[in-house]
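Just one chain follows, in the form predicted alone, and it is written as structure tokens.
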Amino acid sequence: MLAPPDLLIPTHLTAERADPSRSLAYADGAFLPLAEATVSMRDHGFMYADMTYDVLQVWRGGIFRLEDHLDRFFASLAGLRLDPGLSREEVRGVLRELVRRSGLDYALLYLCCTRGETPPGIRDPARARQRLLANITPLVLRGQPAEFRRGWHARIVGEVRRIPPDSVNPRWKNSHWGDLSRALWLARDAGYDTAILLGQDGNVAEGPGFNVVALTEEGLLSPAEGVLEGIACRTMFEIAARLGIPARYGTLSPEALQAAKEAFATMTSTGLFPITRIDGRPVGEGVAGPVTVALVNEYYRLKDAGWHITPAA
């Protein structure tokens, strides 16, 4: 087992230091201030969640895992029968231009394609004109050191099951969050920070916007089915391999998660975030554990060294 290392989380990416005036958007071929970007109330993305999206991180002026995010975005476009009329190279150019124009060294990039509007009196999605939209905002890092050490207190919300994959395929990134939002409210009502949902089979699926990872006797384990294939989770597994920590995707039962030595959530905005209590009981020592801290430290060290970073210039 690794000795508990010092926590090396950046402390400058706070809401107080962020400059929202540098936020920009891209819509209908134009770059404009984010506050001036609009979406029609009749857009099928707004009305029926008929859209896909992705979120990328800008780190030291470059885009982290750009090609991996584009792979997932274009797979989601194909799966949901969306076509913004731009090539992969053109979409890549939009994202890089947002970074360049904003001048933000640390930011989040939001990319989406909506179905668009249909002519009045027509609901046929084939008659809609799809739109590519994107924006960039300063990165406010969830998980400053004190927050990170405390971690999230999560509730497994068994009464709300994740939407079945044969109804809404979670591998196509989508905004069908009815189950996730309902579970989150139930967890909050009970005094927890966040929710973890189960799949239709009763095993752990994912949470609102994150994958779940448990440290078991065999190593790291994250659910393989009924979840988004998280790029942040893949990143942590790659880092685990560098550190000699076994990691795999498989079946994670709620009992195994509750008995885990450590647990954490993975997401683009912060890489990973510890889960330190589940259903009122501490995970391990009830604070961010040594493996979790080692992973996040290596994550920031590698990114600072340019690992998986595509220059925006």
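Note that residue numbering begins at 1 and tracks the sequence as displayed. Remember, predicted model here, so these are calculated numbers, not experimental data.
Omitted from view is the form predicted together with another copy of the chain, to which the following refers.
The contact with another copy of the chain in the predicted complex, taken as any heavy atom within 4.5 Å, belongs to Ala134 out of Ala134, Ala232, Val227, Leu104.
Note on contacts: among Gly202, Gly93, Pro164, Gly219, the single residue with a heavy atom within 4.5 Å of another copy of the chain in the predicted complex is Pro164. For Pro274, no non-hydrogen atom is located within 4.5 Å of another copy of the chain in the predicted complex, even though that partner is not displayed.
Remark: Ile63 does not count among the residues lining another copy of the chain in the predicted complex, judged by a heavy atom distance of 4.5 Å or less.
Taking the partner from the other structure, another copy of the chain in the predicted complex has a heavy atom within 4.5 Å of a heavy atom of Val168.
When another copy of the chain is considered in the predicted complex, Tyr249 lies well away from it, no heavy atom lying within 4.5 Å. You can rule out all but one of 84-92, 108-116, 237-245, 219-227: in the predicted complex, only 108-116 has residues with a heavy atom within 4.5 Å of another copy of the chain. Annotation for 196-231: interface residues with another copy of the chain in the predicted complex are Gln200, Pro208, Gly209 [heavy atom within 4.5 Å].
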